[in-house]
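So this first bit is one chain, no partners, the form predicted on its own, shown in structure tokens.
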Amino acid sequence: MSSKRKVNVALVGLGKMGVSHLAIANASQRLEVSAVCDSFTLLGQMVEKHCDIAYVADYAEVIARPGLEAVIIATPTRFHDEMVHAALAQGLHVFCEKPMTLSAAVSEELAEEAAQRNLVCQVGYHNRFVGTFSEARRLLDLGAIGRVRHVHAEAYGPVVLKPAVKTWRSQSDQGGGCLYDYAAHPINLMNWYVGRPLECIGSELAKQYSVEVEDAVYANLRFGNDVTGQVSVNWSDETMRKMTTRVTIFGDGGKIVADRQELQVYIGATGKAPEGYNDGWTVRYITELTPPIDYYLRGEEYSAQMEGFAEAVAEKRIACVNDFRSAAETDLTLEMIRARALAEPPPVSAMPTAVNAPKSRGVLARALGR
């Protein structure tokens, strides 16, 4: 970044991810958090008192603050549609937590609106900022393993190991469940590597401890150029210490296996070994693939995505990692998987137009507790 000019930003939603984003943004050399917004008045007042950041209870008021350039939205998914739309109408750049919305058509509508307004809009799929996963994308762009044939996206972890208290995360109509809450991450990587699927051939949403949502997702997908894909995600796997994501990519000329810790690359006879890689196996570790960040919390990728957003805003660089259109691709994939599992008519592979996009306005007041 050529300049350290700070971007004036407000944060909306002080839940788990909101507090995490607040800590990172408040410590960043690229962002100036001028206000927070949440329906929980006591929490907002505590932030105001101890962090010297203005607390504004009303969302419409906070996004209308003079000098505000951007907003970070970290509310439950069902509120993203209206909040993002209102921020775009205000001319604000937007960082929105994933998934973008509960409708691919609405997500595409918002992506089109952001493009028309020339605004930087990013969704919080932080794995694209993990060095191993981004290096896998670079190798694919270089043709290192030749023509891609198959992608296997996995995630397993001990998130739900007993019946839990009912929250928005345990309700599918609010964006809860393993599919939207966890499978979205490896699926987003799959989209990054091979694009939007043409169809979901088969899928299962399995319950183990949850009542209203699934605890595991298994799906088979078909992409363009005869590429196939498999999704295997289970957030009720007690054999894992924490949630772990892995993507394996098979090509005519080799194979790439990437997770949070290391990148394993096999270059075969018809592959092309880039500089720094050998024929046969090469293993690279996250420590050598991670650029420096301003502030560490939870993982470098969380700070890197926020810094990337701030840089894009400061430089007026509309094309950014995890833009709204790429997030809409993932929303479409999630819809395909759910529709197949529930034996519903699947959405078409082509992105729907804004004209046909369903609306979900009118929930903003409920998002802020009114």
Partner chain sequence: MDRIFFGDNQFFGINHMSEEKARQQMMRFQDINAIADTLHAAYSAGVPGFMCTTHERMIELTQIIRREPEKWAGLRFYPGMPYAHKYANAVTELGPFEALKQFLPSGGLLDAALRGSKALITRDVESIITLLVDAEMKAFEGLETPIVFLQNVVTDLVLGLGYHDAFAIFSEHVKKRYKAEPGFFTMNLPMLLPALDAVGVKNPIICANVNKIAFRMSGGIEAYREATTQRPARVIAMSVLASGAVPAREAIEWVVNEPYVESILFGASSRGNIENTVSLIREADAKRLTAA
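Note that the coordinates shown come from a computational prediction; the quantities given were computed from them, not determined experimentally. Numbering follows the first chain given and starts at 1.
The form predicted in complex with the partner chain is left out here; the points below concern that form.
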Practice task
Mind telling me which stretch in 322-330, 66-74, 307-315, 44-52 gets its heavy atoms within 4.5 Å of the partner chain in the predicted bound form?
Solution key: 44-52
Problem - Contact of Asn26 with the partner chain in the predicted bound form (heavy atom, 4.5 Å) - result: yes
Practice task
Evaluate Thr167 for contact with the partner chain in the predicted bound form, applying a 4.5 angstroms cut-off between non-hydrogen atoms, and reply yes or no.
Solution key: yes
Problem - Proximity of Met240 to the partner chain in the predicted bound form, heavy atoms at 4.5 Å - result: yes
Handout entry: Gln90, heavy atom within 4.5 angstroms of the partner chain in the predicted bound form
Key = no
Practice task
Scan Gln230, Gln208, Thr244, Thr248 and let me know which has any heavy atom within 4.5 Å of the partner chain in the predicted bound form.
Solution key: Thr244
Fill in the blank from the handout: Partner-free chain; cross-checking the partner chain in the predicted bound form, the single residue of Leu297, Ile201, Leu198, Ala115 with a heavy atom within 4.5 Å is Leu297
Practice task
Counting only non-hydrogen atoms and a 4.5 Å cut-off, give the residues of 80-94 close to the partner chain in the predicted bound form.
Solution key: none
